[in-house]
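Next up: just one chain, as structure tokens, the form predicted on its own.
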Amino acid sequence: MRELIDILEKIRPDVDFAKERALIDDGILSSFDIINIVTDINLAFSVGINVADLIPENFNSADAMMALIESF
């Protein structure tokens, strides 16, 4: 989880990813942020997040993103 938080904080250092639970629903992350996050996650964790995975439920929190990563 620490590696994921590091990736997220590199992209958006102004967000407390450990606490936020509605990153998409509250408009905290932009579509550009998501593109950067997906690219970095795919590289760091050797996974293949694709278009079908790009739903708010998978990106509303760091926990949700970690669950997505672990599903591969």
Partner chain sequence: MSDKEKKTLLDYLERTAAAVPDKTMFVDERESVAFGDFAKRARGLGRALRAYLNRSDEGRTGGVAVVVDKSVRTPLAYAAILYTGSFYLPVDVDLPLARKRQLLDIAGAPLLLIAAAAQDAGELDFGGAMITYEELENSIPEADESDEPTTGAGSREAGAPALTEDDPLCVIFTSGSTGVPKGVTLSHAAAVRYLTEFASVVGLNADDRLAGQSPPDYVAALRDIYFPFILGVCTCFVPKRLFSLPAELFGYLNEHRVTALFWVAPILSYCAELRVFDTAKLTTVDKVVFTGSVLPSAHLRYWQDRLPNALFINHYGPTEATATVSYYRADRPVDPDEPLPIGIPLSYVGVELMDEDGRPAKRGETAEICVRGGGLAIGYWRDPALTERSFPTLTANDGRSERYFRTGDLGSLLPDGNLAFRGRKDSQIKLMGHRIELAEIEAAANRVPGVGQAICVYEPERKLLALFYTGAAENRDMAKRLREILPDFMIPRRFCKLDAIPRLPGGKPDAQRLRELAKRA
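Positions refer to the first chain, counted from 1. These numbers come from a predicted model, not from an experiment.
Not pictured, yet referred to below: the form predicted in complex with the partner chain.
Although the partner is absent here, residue 54 is a contact residue: one of its heavy atoms lies within 4.5 angstroms of the partner chain in the model of the complex.
Contact annotation for residue 10: at least one heavy atom lies within 4.5 Å of the partner chain in the model of the complex. Although the partner is absent here, residue 46 is not a contact residue: none of its heavy atoms lies within 4.5 angstroms of the partner chain in the model of the complex.
Taking the partner from elsewhere, residue 15 is found to have a heavy atom lying within 4.5 Å of the partner chain in the model of the complex.
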